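A single chain comes next, written as structure tokens; it is the form predicted alone.
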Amino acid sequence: MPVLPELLAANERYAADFTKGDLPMPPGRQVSVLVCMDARLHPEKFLGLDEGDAHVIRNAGGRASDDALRSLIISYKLLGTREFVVIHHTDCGMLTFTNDQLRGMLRDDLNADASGIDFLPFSDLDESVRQDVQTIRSSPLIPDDITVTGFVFDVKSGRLREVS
């Protein structure tokens, strides 16, 4: 059953009482959060963020992909963010496959060639956070004075753990 009608009805209720149309474009807390798209994660809630506070960039695994870097660069250069937070999480689906496995599934199901795509899976959660933090820090398009910190969110407890 399609969920779109429910989403549109919820939007009508939201818009009926909407009062935040005057928020400025730059995030008020000057922070960007790169986090996994997993539906169990609600970064605004577990970080205490409200509309207008932060840029929240989501993708599979919360990876520092080319597109995530593009968004982070725009966030700092054009919209004034001064801090980046990278958040991966326990029980992540990105731990459950390899590039070759997913490419094989796509070939078998769709007869499609995905050999040119790195889906950025990982086998070590903490190491993936360290890699993404390093990818961001080492980008020549992001200045050294931008703080970049990595965390793992525990889906069972709701707690963040910093990864050094």
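Computed from a prediction, not measured in an experiment: that's the story for all the values here. Start at 1 and count along the sequence shown; that's the residue number.
Omitted here: the form predicted in complex with a further copy of the same chain. The next part is about that form.
Contact check for Asp126: no non-hydrogen atom falls within 4.5 Å of a further copy of the same chain in the model of the complex. Contact annotation for Ser138: none of its heavy atoms lies within 4.5 Å of a further copy of the same chain in the model of the complex. At a distance threshold of 4.5 angstroms between non-hydrogen atoms, Arg130 is out of contact with a further copy of the same chain in the model of the complex. Taking the partner from elsewhere, Gly93 is found to have a heavy atom lying within 4.5 Å of a further copy of the same chain in the model of the complex.
Residues Asp113, Ala114, Ile117, Asp118, Phe119, Leu120 are the members of 113-131 with a non-hydrogen atom no more than 4.5 angstroms from a further copy of the same chain in the model of the complex.
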